Structures are given as structure tokens and as C-alpha cells.
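There is one chain below, alone, in C-alpha cells, taken in the form predicted on its own.
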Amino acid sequence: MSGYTLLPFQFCRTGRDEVLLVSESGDFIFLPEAVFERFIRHELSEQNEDFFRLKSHLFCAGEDVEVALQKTAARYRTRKSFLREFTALHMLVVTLRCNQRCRYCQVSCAEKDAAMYDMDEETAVRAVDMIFRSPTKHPKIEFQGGEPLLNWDVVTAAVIHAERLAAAQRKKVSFVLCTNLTAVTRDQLEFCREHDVVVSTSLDGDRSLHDACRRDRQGRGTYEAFMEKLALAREVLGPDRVGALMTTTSFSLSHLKAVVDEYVRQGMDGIFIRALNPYGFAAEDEAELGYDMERFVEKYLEALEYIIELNKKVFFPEQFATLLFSRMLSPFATGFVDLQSPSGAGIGGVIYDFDGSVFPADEARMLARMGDRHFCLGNVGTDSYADIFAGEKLGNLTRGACLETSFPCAFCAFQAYCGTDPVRNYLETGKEVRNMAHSPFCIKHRGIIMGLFDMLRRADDMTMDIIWSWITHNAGLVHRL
């Protein structure tokens, strides 16, 4: 029997007479079943090539156990480095009013002319003051709605106030305006250009797919108006300052390649294929808009293979795969709030509703809009930063939302790459912590991660170059056809 020491890792069998091992710090290795059996029984020769690979990736140690544990701890700290920044993403809902009525709207937006749904300037200033109490040196402020353009004076006031605080505190603040674009004016875009505000908008595919759900208050499709204003935004801001997101519904699930083609045709710099969230109007119309998560995983992976092929000719990353590949192939934190442990709710991102109420995640705000304020942390008008961010509610939420201490996630081979969503858990079960096995969240992420590992297992040199070009944002890594 060999004298090496096993270090902590999780594993799963791939169905190919192979075993996938993943260390506490996220390193992974594939082993033949027979080699794995010898390894865990301490029967693997220390002169074996597989042993050298296992040792170098910190799955075991010889006499240098203490050194190996220190290396593991260093990598683990790097992976959890997002905790040092605490809350970096701050979302301001400046209005719930909207000029559109999208079928899957997650917040059940209010009518364009509705009253009592706008954030006032005093509340916005209080929210920005609270944002700059966060220890992060790089706060990001996102303006959301409804349609934030309908309360433009408050957007501009918040930007100018944040810039003053950033200069005084020597912090670097960034801004994102989340808008459907259809009501934007040249003056508003010129303000964005002058104050370095990035625009994030929505495009669900070609005209038929976009208009299937993204409609105005009269039920008309918005694709034509969107394209007109997209051209204006790019003219004023430049194409690199305007990005788009899509939401997958039953209408687009079987047409994701067509969605990708539309994004390429419109000169987008990539795509994030997002699943439908069961909140607001999307929950009300789930029977027609929804789908099984297994089906989403299948279609997502098909679209990803298509995107990899496209990248042999043009640089066009799929952003969700990029986040996961980065977690799998590097030790660095991605900052993606939805896949963090502890949960990113509240400590990675937070949202300020139009009335000053503070929620740990956008989904928690959506839940409140549906009538359940279980996750409300306080209000900027009545509570202090310490009350909200060091209070009992957020503390309990964070302590309970850790994969490393939750069954069965603590024993999952994909724990290092995944996260937890206490808000979604609560919506589906009434509890923030649940057995994640067979939940939609687990089905989605486990299925996609398994698919990505399979892709890595089969990848040729060009595919690996494409994946690394996504991770490093370096298009020049690929010698394209």
C-alpha cells in the first residue's frame, strides 16, 4: 500500500468507465475506473503517470501534506475572493411603469401612465448614499424598471450624485441602463455617452421570435421600433457600449440557432442564453411560455455546439458557458451573483425598489411584487446601512445558503462550480434551504455542467483555443478559418 494521503475531493462516474474527480478548489481530472479504484484504496504506484497528475492537481499528497493543504487553501481563497468586495452590484428600480407589456415580464410592470410607481429623487439619493457605504472599490449601479427612461430625471440625478461620491471616496463607479430602448431619445443617449453609462437591452431573436413576447401596450410587436432605436444607440454610444440579453420561452426554445443567427446578424458581441424565470407575468402564463428544464438543457447544449462552430469563423462567445468554463479551468472568481456559495443574494448584489425597499436579489423584489415580502431587508428611508447589510435577516439568509453545508450539494462533484438560490427555493417550496436534487435549478446547472465537461473531454486544439478566447476575452487566440 502506498503512503500518500488523499486530499478532499468529490467525484462522479461519467458512464464511460471513467470517473470525474473535482477538488475543493475546483481542479478536475478524469481517471479510468480501475485507476480510480486503486487510487482511493491507496494502491496506486507513486511512480504512475496518473499519480503525478493527481498530486499536481492536489488530489493527494506525499510527505508534504501541510504544503499541499496550504496550496489548496490559497486556491480556495482565490475562488471565494468575491466575498472581499461584499456588495458590488446595486440595482435601482427607478420606476415600475413601462411602455411595453412583455408576456414574460418578471415584475408585472405597471401601466405607462400609472401613478405612485416612481422612485423620487430623495429616495434615489439615499440609495446612492447607501451604495457608497459598501466596502467595494468598484460599485456598479444598474438602473432598472419597468422602463427607467420614463423616470429619466431621477436616473440623471442618481448618476451625478454617484459620480460626486466616487470622486470624493476615490472609488470607480460604473453604470448600466437596462432599457427596452423603444422610447429612448438622442438627448438621453448623449447623457449616457458623457457619463459613460452602458446600455443593456433585450432582443429575443428575429422579428417573429421577438414580437412573440415583447409587445407594446396595444399588443403590437416592438421589433421594428427596437431596431430603429438600436441603430441610434450605436450611432451615439458606439457598438461596444450597447449589449443585449434574450429570454428563452417555449416559442424560441426549439429555435435557439435562429436566435444566435440574429445576434450575429445584428453585430452583437456575444449572447447569454437565459432560461425563463417563474415570476410576474411569466408565472401567470407559464402553461404557454414554460418548458421542462431537461428540455432547456438539451436545446442549450445543441445551441452551444452551434456557437462553437461559428467561432471558427467569428469571435462570438456564449456568456453563460464562458462563466462556467472560467470556473472550471481557472481558480478565479467570476462575480456572477446567481452561482455563488454563499449565495450572492445581498452580499453579491442588492436591489432598491422604487419605494426605497431593499431586497437581496431581483427575484426577491419580483416575489414581493407578487405579494410576498419575505425577503425585504429594510428601506433606505428608515433603516441604516448596518440595519440592512449587517442585520439578522441577511445574516440568516447567507448562513443558510452555502452549498458546502447543504445536503446533497455538499457531496456533489459540481459543487465548486455551482451556487444556490434561496429565493427560488422559497418560491417553489416555502423554504430557503431545500434538497436541491431534482429541482429545476439543479437539473439546469448539473445538466449544463455535465455537458461542458463532455465538451472539454472531446475538445480538439481549436475548440480549446475558442474556449480560452472566451475566458480571456482575447479573440486573437483563435486562428480562424
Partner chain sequence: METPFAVSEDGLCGHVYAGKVFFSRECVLAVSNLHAGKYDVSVEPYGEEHVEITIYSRDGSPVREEMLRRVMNDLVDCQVKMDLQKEFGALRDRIVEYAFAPVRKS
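Numbering follows the first chain given and starts at 1. Computed from a predicted structure; not experimentally measured.
Beyond the structure shown, there is the form predicted in complex with its partner chain, which is absent from this document and is the topic of what follows.
Not displayed here, its partner chain is kept clear of residue 469 by more than 4.5 Å at the level of heavy atoms in the predicted complex. Heavy atoms of residue 332 never reach within 4.5 Å of its partner chain in the predicted complex, leaving it off the interface. Taking non-hydrogen atoms only, residue 42 approaches its partner chain to within 4.5 angstroms in the predicted complex. For residue 437, a non-hydrogen atom is located within 4.5 Å of its partner chain in the predicted complex, even though that partner is not displayed.
In the predicted complex, every residue of the candidate spot (6, 10 and 70) has a heavy atom lying within 4.5 Å of its partner chain. With the partner omitted here, the stretch from 193 to 201, 351 to 359, 272 to 280, 79 to 87 that lies within 4.5 Å of its partner chain by heavy atoms in the predicted complex is 79 to 87. The single contact residue among 238, 381, 395, 408, judged by any heavy atom lying within 4.5 Å of its partner chain in the predicted complex, is 408. In this stretch, 23 to 39, the one residue having a heavy atom within 4.5 Å of its partner chain in the predicted complex is 24; the partner itself is omitted from this view.
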